[in-house]
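Single chain ahead, written as structure tokens, the form predicted on its own.
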């Protein structure tokens, strides 16, 4: 249920919050442009008692939320959520570009890449320190050393950084080094991990599972948000289909569907979606046109020597080309790079 406030006075909002808690619900206050609403999360059986709060003079109305995902729904918040990472505002008029190597491999590699992508217009640096791989024999990342190098690169070149936490135990460690914590596709329904990042006051990028529906994806976001962390960014990265020509199939229509049903910002990872470097630029053009809030692409100084996902990584010259090709589409849609 959501309670739409008739008043925006702090004492009136607190009064309703206290009443919601007395009824055994968890209140989440959401400040909109025109209205303040209180989303009430808890057992559906007692919702009649919440409806009775409509009698309070500073309550405008009490409404049910029809979607199974509550806090992530546009029924709760019509305005787009803007997740701020330093000076970068994801979900605003900025089309956010997240770029960097799949994995941090060395100081030289991450420093060289950070300097280049920042100079080419990227807003956030990506790089894996913990790498969940299909094969146990594949490179698994530099772990703590990788986190240290990623943070060092971000600080040196003045760019926020994002990296993945794979286990619950890694969450506080990754949170110390990264500006955004990534939850990878394989962990989209790792509910313990989702609850752990839900307790943080730090942005979380949630990738869609390769065999997950949009509804399941949004319900995973709900786990994070119900823990108190509203700074969630969704990331479409391709789903597994019968088509063998690409690593995955980019579900581009997921972007307008998310924008229809949820207020959360959504970005797209065309590198993992295709698995082929020469599809990344055309797919990026399509991502901009679809209404996404950004892209996440893999960039490596020497993709042929990459320890992870070299086949889908862009060389520096190709990343420059990508930025040139998406710019006019970004501008036509009234956004900026």
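Residue numbers count along the first chain shown, from 1. What you see is a predicted model, and the numbers here were worked out from it, not measured in a lab.
Unshown form predicted in complex with a small molecule; subsequent notes refer to it.
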**Prompt:** From the list 118, 131, 151, 77, which entry has a heavy atom within 4.5 Å of the small molecule in the predicted complex?
**Reply:** 131
**Answer option from 220, 262, 113, 182, heavy atom within 4.5 Å of the small molecule in the predicted complex** = 182
**Message:** If we define contact as a non-hydrogen atom of the residue within 4.5 angstroms of the partner, is residue 300 a contact of the small molecule in the predicted complex?
**Reply:** no
**Prompt:** Does residue 237 make contact with the small molecule in the predicted complex, using a 4.5 Å heavy atom cut-off?
**Reply:** yes
**Request:** Answer for residue 296 alone: is it within 4.5 Å of the small molecule in the predicted complex, judged on heavy atom distances?
**Result:** yes
**Prompt:** Would residue 186 count as touching the small molecule in the predicted complex under a 4.5 Å heavy atom rule?
**Reply:** yes
**Fill in**
Answer among 269 to 277, 66 to 74, 51 to 59, 33 to 41 for heavy atoms within 4.5 Å of the small molecule in the predicted complex: the stretch 269 to 277
